[in-house]
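Let's start with one chain on its own, the form predicted on its own, as structure tokens.
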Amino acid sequence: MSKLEIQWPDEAAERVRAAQGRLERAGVALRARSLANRIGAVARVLEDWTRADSPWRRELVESFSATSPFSRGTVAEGLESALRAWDPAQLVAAAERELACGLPGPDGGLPARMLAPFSYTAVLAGGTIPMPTLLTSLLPLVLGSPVLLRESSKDPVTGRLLARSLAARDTDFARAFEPIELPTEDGDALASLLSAPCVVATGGDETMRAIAARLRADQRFVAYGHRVSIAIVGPQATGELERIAGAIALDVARWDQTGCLSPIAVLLVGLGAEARRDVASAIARALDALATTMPRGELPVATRALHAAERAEARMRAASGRAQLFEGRDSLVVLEDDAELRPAPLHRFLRLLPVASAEALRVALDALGAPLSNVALAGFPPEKRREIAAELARHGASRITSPGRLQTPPVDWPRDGLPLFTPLARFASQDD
């Protein structure tokens, strides 16, 4: 073992501890500002990112495209569409709604219920998409809690660019946010990071369980684990097939179908055999058209193997009449002859599953095997749509929307069924 390998864990842990000290000192100035002031400051930073001519978004497109497996067209469209859906006014309204108790009372005095911010918050970024990193890094600052962001190994650029945008807008906020890169195998550094009074993490369920096992009972842990999204298409979709198919294809192509908001399957409810073929063919054509402006990015080695295995298996079932394939330049749509949920290799590999009726939909949802995140609904009359939406809510869906909007939720949507700010907040009350 080299000298560098021996010293690196201690050095990384020391960098975490030094950052913690700086952030705790920065928190004093941050909390000296009123809640309303902090809300307004974060809203202005968000506006810097969401406006049409944002230089920060343009720079993120270029830097993220250079370091990620996604094509530049996919990154540019994904960031532009997602940030366009983030309205700073909605962020302000959510903060005022959820944290009203932290604002001064009618007489201008202290509220009966006050915010008691954590001295700092550790945010562990996960996945390959910048949007969750941006939002989870900004929210604690509203609450008066500085942020130590552990960057995802798959995204070394978003946190640093956010830090620069904070510095350009607000000195106190810039001092209260630090991104840090840590080696995944460094147990000492991770232990230091996880000593934060509030820990926020995004990732797989196994990772969330491992983090939870290392935390004390008095620490706050906000975990965003694995969830799945789907689309559900009803018989009325045939009347506007090209629009709906194009919108579903866009949901699939965005971020190459790799996020929790990407549809892993489309359930075709109450459609006859010919209508199902029409839907599958239309989605396949739309995906093929998107391959020109949003080509699929490079596939990881393991994903290439899974794609090859599932494609071969689908071809065997197609040869025996149990499936139909619609292949594009960098996509594959598989129209199954049953509603069995088979492996989803993603990266523009989409399965369409027939469901006999809305009543049978409940069984299909039970078989998903993972909690629901977002669901796109199309092709149902209003009354049936409300009925299905209620069933989806009972299955844990936190947002029900239309095709083409799965990947572009508003900034205040209830991720994993949670409010925006209160999971990260701590409160205190005072008696008269």
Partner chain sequence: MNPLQRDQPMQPLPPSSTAGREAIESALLAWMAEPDWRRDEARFEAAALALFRFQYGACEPYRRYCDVLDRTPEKVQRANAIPPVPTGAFKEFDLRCFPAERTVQSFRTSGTSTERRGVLHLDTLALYEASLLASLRRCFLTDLAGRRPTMRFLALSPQDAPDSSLTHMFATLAAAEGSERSGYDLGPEGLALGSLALAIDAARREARPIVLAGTSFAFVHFLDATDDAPAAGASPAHTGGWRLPAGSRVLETGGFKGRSREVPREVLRASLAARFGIPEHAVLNQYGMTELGSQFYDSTLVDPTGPRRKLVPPWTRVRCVDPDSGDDVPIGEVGVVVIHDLANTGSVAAIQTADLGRLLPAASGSGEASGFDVLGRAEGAEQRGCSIAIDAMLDPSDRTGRRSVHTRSGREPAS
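Positions refer to the first chain, counted from 1. In this text the structure is predicted, and so the values were computed from the model without any measurement.
Below, we refer to the form predicted together with its partner chain, which is not included among the displayed structures.
Interface membership of residue 153, defined by any non-hydrogen atom within 4.5 Å of its partner chain in the predicted complex, is confirmed. Its partner chain in the predicted complex comes within 4.5 Å of a heavy atom belonging to residue 313. Using a 4.5 angstroms threshold between heavy atoms, residue 342 counts as touching its partner chain in the predicted complex. Although the partner is absent here, residue 357 sits far enough away that none of its heavy atoms falls within 4.5 Å of its partner chain in the predicted complex.
Remark: of stretches 167-175, 123-131, 76-84, 273-281, the one touching its partner chain in the predicted complex is 123-131 (heavy atom within 4.5 Å).
Among 136, 192, 257, 145, the residue placing a heavy atom within 4.5 Å of its partner chain in the predicted complex is 257. When its partner chain is considered in the predicted complex, only one residue from 235, 203, 328, 246 comes within 4.5 Å through any heavy atom, namely 203. Of the residues in 319-349, those that come within 4.5 Å of its partner chain in the predicted complex through at least one heavy atom are, in sequence order, 319, 320, 322, 338, 340, 342, 344, 346.
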